[in-house]
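First comes one chain, alone, set out as C-alpha coordinates in the form predicted on its own.
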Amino acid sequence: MIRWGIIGTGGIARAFAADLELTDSGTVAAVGSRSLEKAEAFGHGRAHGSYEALVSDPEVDAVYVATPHPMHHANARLALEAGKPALVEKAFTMNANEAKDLVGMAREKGVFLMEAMWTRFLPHMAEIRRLIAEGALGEIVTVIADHGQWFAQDPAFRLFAPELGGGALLDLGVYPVSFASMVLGTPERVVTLSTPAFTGVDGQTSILLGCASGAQAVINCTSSAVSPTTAAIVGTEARIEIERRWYGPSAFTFTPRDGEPTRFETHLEGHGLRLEADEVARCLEQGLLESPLLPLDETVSIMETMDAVLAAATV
(Lines give C-alpha, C1' and ligand atoms only; values in the text may rest on other atoms or scores of the structure.)
Protein backbone atom coordinates (compact mmCIF):
# COMPACT_ATOMS: atom_id res chain seq x y z
CA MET A 1 0.00 0.00 0.00
CA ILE A 2 1.73 3.14 -1.27
CA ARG A 3 1.18 6.19 0.91
CA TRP A 4 0.85 9.02 -1.60
CA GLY A 5 1.66 12.65 -1.05
CA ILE A 6 0.00 14.97 -3.54
CA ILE A 7 1.53 18.29 -4.60
CA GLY A 8 -1.30 20.54 -5.77
CA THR A 9 -5.00 20.75 -5.01
CA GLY A 10 -6.58 21.30 -8.44
CA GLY A 11 -9.04 19.20 -10.41
CA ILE A 12 -6.60 16.50 -11.52
CA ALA A 13 -5.32 16.11 -7.95
CA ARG A 14 -8.89 15.58 -6.74
CA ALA A 15 -9.58 13.06 -9.50
CA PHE A 16 -6.42 11.14 -8.60
CA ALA A 17 -7.34 11.10 -4.91
CA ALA A 18 -10.87 9.90 -5.67
CA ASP A 19 -9.56 7.15 -7.95
CA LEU A 20 -7.15 5.91 -5.28
CA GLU A 21 -10.18 5.03 -3.19
CA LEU A 22 -11.06 2.40 -5.82
CA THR A 23 -7.75 0.53 -5.59
CA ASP A 24 -5.84 -1.36 -2.92
CA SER A 25 -2.41 -0.31 -4.24
CA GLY A 26 -2.29 3.08 -2.54
CA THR A 27 -3.94 5.75 -0.46
CA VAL A 28 -3.61 9.51 0.02
CA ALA A 29 -1.45 10.14 3.07
CA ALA A 30 -0.91 13.88 2.69
CA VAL A 31 -1.40 16.88 0.43
CA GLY A 32 0.79 19.92 0.00
CA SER A 33 -0.16 23.40 -1.17
CA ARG A 34 1.39 26.85 -1.05
CA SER A 35 -1.58 27.65 1.20
CA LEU A 36 -2.33 25.60 4.32
CA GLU A 37 -5.97 26.59 3.98
CA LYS A 38 -6.18 25.07 0.49
CA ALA A 39 -4.45 21.91 1.69
CA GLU A 40 -6.90 21.59 4.58
CA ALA A 41 -9.85 22.13 2.23
CA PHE A 42 -8.64 19.35 -0.07
CA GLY A 43 -10.27 16.75 2.15
CA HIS A 44 -7.73 13.93 1.73
CA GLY A 45 -4.74 13.18 3.96
CA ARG A 46 -2.69 15.44 6.23
CA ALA A 47 -2.44 19.05 5.14
CA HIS A 48 0.92 20.72 4.54
CA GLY A 49 1.28 24.43 3.86
CA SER A 50 4.31 24.00 1.61
CA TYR A 51 5.60 21.55 -0.97
CA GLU A 52 8.83 21.18 1.01
CA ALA A 53 6.88 19.98 4.05
CA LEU A 54 4.97 17.50 1.89
CA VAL A 55 8.06 15.80 0.43
CA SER A 56 9.70 15.76 3.89
CA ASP A 57 6.77 13.94 5.48
CA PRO A 58 8.18 10.57 6.66
CA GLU A 59 4.79 8.94 6.14
CA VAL A 60 4.79 9.76 2.41
CA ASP A 61 6.16 6.93 0.24
CA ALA A 62 5.68 8.52 -3.20
CA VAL A 63 4.78 11.94 -4.58
CA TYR A 64 2.22 12.81 -7.24
CA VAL A 65 2.94 16.18 -8.88
CA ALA A 66 -0.36 17.75 -9.96
CA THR A 67 0.53 21.43 -10.30
CA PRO A 68 0.41 23.47 -13.56
CA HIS A 69 2.99 22.60 -16.25
CA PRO A 70 5.56 25.34 -15.43
CA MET A 71 5.87 24.00 -11.87
CA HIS A 72 6.39 20.32 -12.71
CA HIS A 73 10.16 20.55 -13.02
CA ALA A 74 10.75 22.31 -9.68
CA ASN A 75 8.16 20.24 -7.82
CA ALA A 76 9.48 16.93 -9.16
CA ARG A 77 13.02 17.95 -8.22
CA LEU A 78 11.83 18.52 -4.64
CA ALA A 79 10.50 14.97 -4.50
CA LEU A 80 13.60 13.43 -6.06
CA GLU A 81 15.92 15.41 -3.77
CA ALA A 82 13.97 13.98 -0.83
CA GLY A 83 14.46 10.48 -2.26
CA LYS A 84 10.74 10.06 -2.96
CA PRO A 85 9.48 8.28 -6.10
CA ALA A 86 7.63 10.76 -8.27
CA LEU A 87 4.67 10.52 -10.64
CA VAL A 88 4.57 13.76 -12.65
CA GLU A 89 1.49 14.96 -14.52
CA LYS A 90 1.63 15.41 -18.25
CA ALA A 91 2.84 17.34 -20.01
CA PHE A 92 5.83 16.05 -18.03
CA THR A 93 7.66 19.38 -18.19
CA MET A 94 7.60 22.58 -20.25
CA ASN A 95 10.35 21.34 -22.58
CA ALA A 96 12.78 18.51 -23.26
CA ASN A 97 15.67 20.13 -21.37
CA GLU A 98 13.65 20.13 -18.16
CA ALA A 99 12.64 16.52 -18.82
CA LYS A 100 16.27 15.47 -19.35
CA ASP A 101 17.25 17.18 -16.09
CA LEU A 102 14.64 15.26 -14.10
CA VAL A 103 15.52 11.95 -15.74
CA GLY A 104 19.21 12.52 -15.11
CA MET A 105 18.57 13.37 -11.48
CA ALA A 106 16.32 10.34 -10.94
CA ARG A 107 18.91 8.01 -12.44
CA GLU A 108 21.76 9.59 -10.50
CA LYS A 109 19.89 9.21 -7.21
CA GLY A 110 18.37 5.83 -8.07
CA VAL A 111 14.81 7.07 -7.48
CA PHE A 112 11.73 5.98 -9.43
CA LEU A 113 10.23 8.53 -11.83
CA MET A 114 7.32 8.29 -14.28
CA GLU A 115 5.14 10.56 -16.39
CA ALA A 116 1.46 10.43 -15.42
CA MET A 117 0.16 9.65 -18.92
CA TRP A 118 -2.76 7.65 -17.57
CA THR A 119 -3.99 6.70 -21.06
CA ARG A 120 -1.00 4.38 -21.50
CA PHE A 121 -2.26 2.07 -18.72
CA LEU A 122 -5.92 1.72 -19.69
CA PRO A 123 -7.25 -1.77 -20.61
CA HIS A 124 -8.02 -0.97 -24.24
CA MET A 125 -4.50 0.38 -24.75
CA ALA A 126 -3.03 -2.81 -23.29
CA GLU A 127 -5.09 -4.84 -25.76
CA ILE A 128 -4.04 -2.60 -28.66
CA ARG A 129 -0.37 -3.08 -27.77
CA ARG A 130 -0.94 -6.85 -27.70
CA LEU A 131 -2.49 -6.83 -31.18
CA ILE A 132 0.35 -4.72 -32.57
CA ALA A 133 3.00 -6.93 -30.96
CA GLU A 134 1.39 -10.03 -32.45
CA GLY A 135 1.49 -8.47 -35.91
CA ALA A 136 -2.29 -8.52 -36.26
CA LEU A 137 -2.28 -5.17 -38.09
CA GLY A 138 0.58 -6.01 -40.41
CA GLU A 139 2.82 -3.06 -41.19
CA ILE A 140 1.55 0.15 -39.57
CA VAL A 141 0.83 2.80 -42.20
CA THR A 142 -1.06 5.60 -40.43
CA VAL A 143 -2.00 6.76 -36.94
CA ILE A 144 -4.82 9.31 -36.62
CA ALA A 145 -5.87 11.00 -33.38
CA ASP A 146 -7.49 14.24 -32.25
CA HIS A 147 -8.20 15.95 -28.95
CA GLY A 148 -10.36 19.05 -28.97
CA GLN A 149 -12.28 20.64 -26.12
CA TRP A 150 -14.18 23.91 -25.81
CA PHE A 151 -13.16 26.38 -23.11
CA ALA A 152 -14.63 29.81 -22.39
CA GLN A 153 -12.23 32.61 -23.35
CA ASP A 154 -10.96 33.47 -19.88
CA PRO A 155 -7.41 34.90 -19.97
CA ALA A 156 -6.84 33.70 -16.39
CA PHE A 157 -7.74 30.09 -17.23
CA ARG A 158 -4.65 27.85 -17.37
CA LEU A 159 -5.15 26.79 -21.00
CA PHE A 160 -5.00 30.42 -22.12
CA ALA A 161 -2.60 31.91 -19.55
CA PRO A 162 1.02 31.94 -20.80
CA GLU A 163 2.35 32.07 -17.25
CA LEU A 164 0.54 28.79 -16.47
CA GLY A 165 1.92 26.98 -19.50
CA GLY A 166 -1.19 27.61 -21.55
CA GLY A 167 -1.84 26.26 -25.01
CA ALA A 168 -3.71 23.39 -26.60
CA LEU A 169 -0.58 21.35 -27.28
CA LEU A 170 0.79 20.96 -23.74
CA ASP A 171 -2.61 20.18 -22.24
CA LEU A 172 -4.49 18.37 -25.03
CA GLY A 173 -2.07 17.61 -27.85
CA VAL A 174 0.27 15.67 -25.57
CA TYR A 175 -2.26 12.81 -25.60
CA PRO A 176 -2.19 12.09 -29.34
CA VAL A 177 1.54 12.82 -29.55
CA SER A 178 2.14 10.21 -26.82
CA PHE A 179 -0.26 7.81 -28.55
CA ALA A 180 1.68 8.14 -31.82
CA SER A 181 4.89 7.54 -29.89
CA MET A 182 3.48 4.36 -28.37
CA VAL A 183 2.55 3.00 -31.79
CA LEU A 184 5.28 4.37 -34.09
CA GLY A 185 8.16 5.42 -31.85
CA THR A 186 10.16 8.63 -32.28
CA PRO A 187 9.39 10.51 -35.51
CA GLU A 188 12.08 11.63 -37.94
CA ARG A 189 10.09 14.56 -39.30
CA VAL A 190 7.65 17.02 -37.71
CA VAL A 191 5.38 19.31 -39.75
CA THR A 192 3.12 21.80 -37.97
CA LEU A 193 0.33 24.27 -38.69
CA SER A 194 -0.83 26.30 -35.71
CA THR A 195 -3.32 29.10 -35.00
CA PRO A 196 -2.88 31.16 -31.80
CA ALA A 197 -5.60 31.64 -29.22
CA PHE A 198 -6.65 35.15 -28.17
CA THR A 199 -3.87 35.32 -25.54
CA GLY A 200 -1.13 34.29 -27.98
CA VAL A 201 -0.69 30.69 -26.83
CA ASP A 202 -1.38 27.98 -29.40
CA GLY A 203 -5.14 27.56 -29.82
CA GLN A 204 -5.32 24.96 -32.57
CA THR A 205 -2.42 22.88 -33.82
CA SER A 206 -2.28 20.25 -36.54
CA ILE A 207 0.73 17.95 -36.69
CA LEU A 208 2.16 15.49 -39.20
CA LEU A 209 4.76 13.07 -37.88
CA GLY A 210 6.88 11.08 -40.29
CA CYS A 211 8.75 7.92 -39.28
CA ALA A 212 11.68 6.10 -40.84
CA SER A 213 9.40 3.20 -41.78
CA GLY A 214 7.30 5.51 -43.94
CA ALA A 215 4.44 5.48 -41.44
CA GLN A 216 2.78 8.80 -40.64
CA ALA A 217 0.73 10.22 -37.77
CA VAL A 218 -1.99 12.82 -38.34
CA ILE A 219 -2.79 14.77 -35.17
CA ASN A 220 -5.02 17.73 -34.27
CA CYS A 221 -5.70 19.52 -30.99
CA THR A 222 -7.80 22.58 -30.25
CA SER A 223 -9.05 24.46 -27.18
CA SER A 224 -11.94 26.18 -28.99
CA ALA A 225 -14.21 23.30 -30.04
CA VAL A 226 -15.28 19.80 -29.07
CA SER A 227 -13.77 17.46 -31.64
CA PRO A 228 -14.75 13.82 -32.25
CA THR A 229 -11.88 12.67 -29.95
CA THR A 230 -11.48 9.44 -31.86
CA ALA A 231 -8.33 7.65 -32.98
CA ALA A 232 -7.29 4.99 -35.46
CA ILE A 233 -4.32 2.80 -36.27
CA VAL A 234 -4.23 1.65 -39.88
CA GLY A 235 -2.10 -1.30 -40.96
CA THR A 236 -1.64 -3.31 -44.12
CA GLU A 237 -3.60 -6.25 -42.69
CA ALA A 238 -6.16 -4.56 -40.41
CA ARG A 239 -7.16 -1.34 -38.71
CA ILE A 240 -8.18 -0.34 -35.19
CA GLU A 241 -10.76 2.40 -34.64
CA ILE A 242 -11.03 3.73 -31.09
CA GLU A 243 -14.32 5.30 -30.12
CA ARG A 244 -15.05 8.74 -28.68
CA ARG A 245 -12.79 9.97 -25.89
CA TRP A 246 -10.18 7.50 -27.06
CA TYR A 247 -7.68 8.76 -24.44
CA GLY A 248 -9.94 7.64 -21.56
CA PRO A 249 -11.65 4.32 -20.83
CA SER A 250 -13.08 3.46 -24.25
CA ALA A 251 -13.86 0.72 -26.76
CA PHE A 252 -12.40 -0.07 -30.15
CA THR A 253 -13.20 -2.09 -33.25
CA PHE A 254 -10.64 -4.33 -34.93
CA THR A 255 -11.35 -4.74 -38.66
CA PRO A 256 -9.23 -7.13 -40.76
CA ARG A 257 -8.57 -6.24 -44.39
CA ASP A 258 -10.52 -9.38 -45.32
CA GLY A 259 -12.84 -10.38 -42.52
CA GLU A 260 -15.49 -9.32 -40.05
CA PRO A 261 -14.95 -6.58 -37.45
CA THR A 262 -14.76 -7.41 -33.75
CA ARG A 263 -15.35 -4.96 -30.91
CA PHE A 264 -13.32 -4.73 -27.69
CA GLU A 265 -15.05 -3.10 -24.73
CA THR A 266 -14.23 -2.73 -21.04
CA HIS A 267 -16.15 -1.37 -18.07
CA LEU A 268 -13.87 0.52 -15.72
CA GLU A 269 -15.11 2.07 -12.51
CA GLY A 270 -13.84 5.56 -11.86
CA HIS A 271 -11.79 7.90 -14.01
CA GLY A 272 -8.96 5.50 -14.79
CA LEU A 273 -6.19 7.43 -13.03
CA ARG A 274 -5.79 4.68 -10.46
CA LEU A 275 -4.19 2.45 -13.09
CA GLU A 276 -1.12 4.69 -13.29
CA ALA A 277 -0.89 4.54 -9.50
CA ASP A 278 -1.15 0.74 -9.72
CA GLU A 279 1.74 0.78 -12.22
CA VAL A 280 3.90 2.82 -9.84
CA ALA A 281 3.12 0.38 -7.03
CA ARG A 282 3.95 -2.59 -9.26
CA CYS A 283 7.25 -1.08 -10.34
CA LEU A 284 8.26 -0.18 -6.78
CA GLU A 285 7.39 -3.67 -5.56
CA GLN A 286 9.64 -5.13 -8.27
CA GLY A 287 12.46 -2.69 -7.57
CA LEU A 288 12.18 -0.94 -10.94
CA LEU A 289 13.31 2.68 -11.35
CA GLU A 290 11.06 3.33 -14.36
CA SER A 291 8.05 1.77 -16.03
CA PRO A 292 8.64 -0.49 -19.04
CA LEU A 293 5.24 0.67 -20.34
CA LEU A 294 6.36 4.32 -20.37
CA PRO A 295 10.16 4.46 -20.20
CA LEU A 296 11.85 7.70 -19.25
CA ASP A 297 13.71 7.91 -22.56
CA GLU A 298 10.36 7.83 -24.35
CA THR A 299 9.01 10.61 -22.14
CA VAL A 300 12.05 12.72 -23.11
CA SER A 301 11.49 11.83 -26.77
CA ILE A 302 7.85 12.93 -26.53
CA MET A 303 8.93 16.27 -25.06
CA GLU A 304 11.46 16.67 -27.89
CA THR A 305 8.63 16.17 -30.38
CA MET A 306 6.53 18.72 -28.51
CA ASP A 307 9.46 21.17 -28.62
CA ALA A 308 9.72 20.71 -32.38
CA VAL A 309 5.98 21.29 -32.80
CA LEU A 310 6.02 24.48 -30.73
CA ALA A 311 9.14 25.76 -32.50
CA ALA A 312 7.45 25.33 -35.86
CA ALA A 313 4.27 26.90 -34.54
CA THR A 314 6.07 30.14 -33.62
CA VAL A 315 7.79 30.62 -36.99
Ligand SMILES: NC(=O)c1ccc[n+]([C@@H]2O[C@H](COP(=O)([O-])OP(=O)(O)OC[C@H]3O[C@@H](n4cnc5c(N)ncnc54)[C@H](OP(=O)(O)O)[C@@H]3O)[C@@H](O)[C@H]2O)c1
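Throughout, we count residues from 1 along the sequence that is shown. If you're wondering where the values come from, they're calculated on a predicted model, not measured in any experiment.
Heads up, the form predicted together with this ligand isn't pictured, but that's what we're talking about next.
Undergrad: Spell out, yes or no, whether the shortest heavy atom distance between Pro292 and this ligand in the predicted complex is within 4.5 Å.
TA: Close contact is absent here: in the predicted complex, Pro292 is far from this ligand, nothing within 4.5 Å, heavy atoms only.
Undergrad: Would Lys90 count as touching this ligand in the predicted complex under a 4.5 Å heavy atom rule?
TA: So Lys90 counts as contacting this ligand.
Undergrad: Classify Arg46 as contacting or not contacting this ligand in the predicted complex by the rule of any non-hydrogen atom within 4.5 angstroms, answering yes or no.
TA: It does not: once this ligand is placed as it appears in the predicted complex, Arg46 has no heavy atom within 4.5 Å of it.
Undergrad: Please check if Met71 has a heavy atom lying within 4.5 Å of any heavy atom of this ligand in the predicted complex.
TA: Answer yes; at least one heavy atom of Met71 falls within 4.5 Å of this ligand in the predicted complex.
Undergrad: Just one of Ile132, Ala82, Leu164, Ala197 has a heavy atom within 4.5 angstroms of this ligand in the predicted complex, so which one?
TA: Flagged contact: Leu164.
Undergrad: Should the three residues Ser33, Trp118 and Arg158 be counted as contacting this ligand in the predicted complex, with contact defined as a heavy atom within 4.5 Å for each?
TA: Checking in the predicted complex: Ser33, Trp118 and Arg158 are all within 4.5 Å of this ligand.
Undergrad: Can you say which of 22-30, 253-261, 60-68, 277-285 gets within 4.5 Å of this ligand in the predicted complex, counting heavy atoms only?
TA: Looking at the other structure, the answer is 60-68.
Undergrad: Where, within 159-180, is there a heavy atom within 4.5 Å of this ligand in the predicted complex? Residue list please.
TA: Residues within 4.5 Å: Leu164, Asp171, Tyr175.
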